[in-house]
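The chain below stands alone and is given as structure tokens, in the form predicted alone.
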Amino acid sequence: MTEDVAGAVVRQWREAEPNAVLLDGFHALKHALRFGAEVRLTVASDRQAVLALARELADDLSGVLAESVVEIPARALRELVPRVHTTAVAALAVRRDAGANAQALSRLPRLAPIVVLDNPRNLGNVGAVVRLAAGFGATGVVTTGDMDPWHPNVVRAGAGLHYATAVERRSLDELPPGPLYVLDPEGEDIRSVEVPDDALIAFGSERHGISPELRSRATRLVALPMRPQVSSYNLATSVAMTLFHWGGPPAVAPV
């Protein structure tokens, strides 16, 4: 590629709409494409290496990537992406449609719960929860508070799986319908509770736990089994344990 063409691509990247979603790394790009993301621009410092990864890990996408990946100098990629992924590929995509997310979150009856993260503070934890929700087939992930669940670091930690489930930020007064199951140390042991498919399952922040306001709205308080004197689990671990208890999707062939 000539420097003029590479420069044009870099300018196109920098002029992208402010709410464009950064897909940082091959796995984020792979998942986003598989779940219908509209990817506007894909750049890599080694195009052939990306196509080799596609043939090895995502042959279903080899054709799409062969047509879309544009090679730019490594120095240019470093200027565009805050922290270049080891796979040295990045893309810009359109954020999943808010209307489609709202429809998925409000639809009843639901076949799978919605995970509610009450004022989370750690971007990586939120991304890990999105990845878990997508894997278990949860209807979506709703966050409260001021953190954007589509922040680039969240999308990176979520491996692009924001496109596989409905991810939105809501106020407490805008939570989707359904019985509210709140994780709380004083709740019933979750092993004795059946979590319904249409439940909202709420988890508190890493530092302060569940807010009093959300706790007061609970249909039911439930607790994860924990050894005495152990203070808490990691947020993503708590979500994983709870969704595993709920049951998750039927077994499917690995992708």
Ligand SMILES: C[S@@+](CC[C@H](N)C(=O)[O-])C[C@H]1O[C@@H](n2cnc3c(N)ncnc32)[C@H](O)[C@@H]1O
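These figures come from a predicted structure and were not determined experimentally. Numbers for residues come from their place in the sequence shown, where the first is 1.
Beyond what is shown, the protein has a form predicted in complex with the ligand; the following relates to that form.
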Tell me whether I210, V222 and S232, taken together, all sit within 4.5 Å of the ligand in the model of the complex, counting heavy atoms only. yes
Q12, heavy atom within 4.5 angstroms of the ligand in the model of the complex: no
Is there a non-hydrogen atom of S205 within 4.5 angstroms of a non-hydrogen atom of the ligand in the model of the complex? yes
Can D184 be called a contact residue for the ligand in the model of the complex at 4.5 Å between heavy atoms? yes
Given that the partner is absent here, does M226 sit within 4.5 Å of the ligand in the model of the complex, heavy atoms only? yes
Would you mind picking out the stretch of 64-72, 47-55, 197-205, 24-32 that comes within 4.5 angstroms of the ligand in the model of the complex, counting non-hydrogen atoms? 197-205
